[in-house]
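Presented below, as structure tokens, is a lone chain in the form predicted on its own.
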């Protein structure tokens, strides 16, 4: 099969440029806006580097101390507190689990109240959405400090901090899942005479429940790491031991605790990923052995 190239004369190119100038070059206003945004981001980045005194010399000077700390962290040692560490790690996982379960339940009605397709009144949606913003807009660490003051030291403060923060986060995720649900099952339930509760029960929940469970599992995985940090401010768990060992410069024991946390997070990540893949109807591919 013979082919031949077809060229465009300058006149055809000029006419095409007149018809669709955007296909050849972005408008001047758009280019100016891009240059302005790029320059602004670059200037602000440079300002932050100067403000925080970030320099290669300072990083190089701190490298010696970092190497020294890492050298003291090996070999990891548990000494006489291995079982105490294991119990504290179990306590941290339990904090994350209980806080996630309660937050997942509380977020369901809040997510429904924020969904446009179920609550047409914008005033109601606005109130609930801004309430969720308040719940998740404050970091878990801040909530933990507040609850440590209110209920005292221990896991209860961490559980309450996880519940408050994650209720707002999950409510937002649930509302987005509900708004993206297929309208046909909902219309079918309403056409059969179903009320509002029946519409949610039979038209919405069967579609979004796997997504809700998947989101809750991901939050649980994230909370396992967060609960570790909450222990540093007095909310109990393995974070208390980690902060104490770092403060007293017992780097071998701190390294052992960090490895415990990494192993636990990896195990929960692996298990939750498998469960999520089943919930959303997909299976992870396994590489073939040759």
Partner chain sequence: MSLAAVASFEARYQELRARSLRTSVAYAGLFGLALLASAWVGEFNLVKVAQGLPRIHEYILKTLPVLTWSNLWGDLAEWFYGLPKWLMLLWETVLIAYTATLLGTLGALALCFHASQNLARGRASYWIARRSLEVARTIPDLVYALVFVFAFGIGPLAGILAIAIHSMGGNGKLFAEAVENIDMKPVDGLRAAGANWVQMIRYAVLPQVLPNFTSFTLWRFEINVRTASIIGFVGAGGIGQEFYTAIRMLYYEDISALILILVTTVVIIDIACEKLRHKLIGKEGLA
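Just so we're on the same page, rigid core means the largest C-alpha set that superposes within 1.5 Å between forms. As the structure is a prediction and not an experimental result, all values here were calculated from the model. Residue numbers count along the first chain shown, from 1.
Keep in mind the form predicted in complex with its partner chain is missing from the figure; the text below concerns it.
Residues with any non-hydrogen atom within 4.5 angstroms of its partner chain in the predicted complex fall in just one of 196-204, 181-189, 152-160, 112-120: 152-160.
In the predicted complex, its partner chain sits within 4.5 Å of a heavy atom of residue 137. Contact annotation for residue 31: none of its heavy atoms lies within 4.5 Å of its partner chain in the predicted complex. Taking the partner from elsewhere, residue 27 is found to have every heavy atom lying beyond 4.5 Å of its partner chain in the predicted complex.
Taking non-hydrogen atoms only, residue 274 never approaches its partner chain to within 4.5 angstroms in the predicted complex. Among 78, 98, 173, 211, the residue placing a heavy atom within 4.5 Å of its partner chain in the predicted complex is 98. The putative spot formed by 54, 265 and 278 is fully lined by its partner chain in the predicted complex; each residue has a non-hydrogen atom within 4.5 angstroms of it. Heavy atoms closer than or equal to 4.5 Å to its partner chain in the predicted complex belong, across 62-76, to the residues 62, 63, 65, 66, 69, ordered by sequence position. Once the cores line up, the CA of residue 248 ends up less than 2 angstroms apart between the shown form and the other one.
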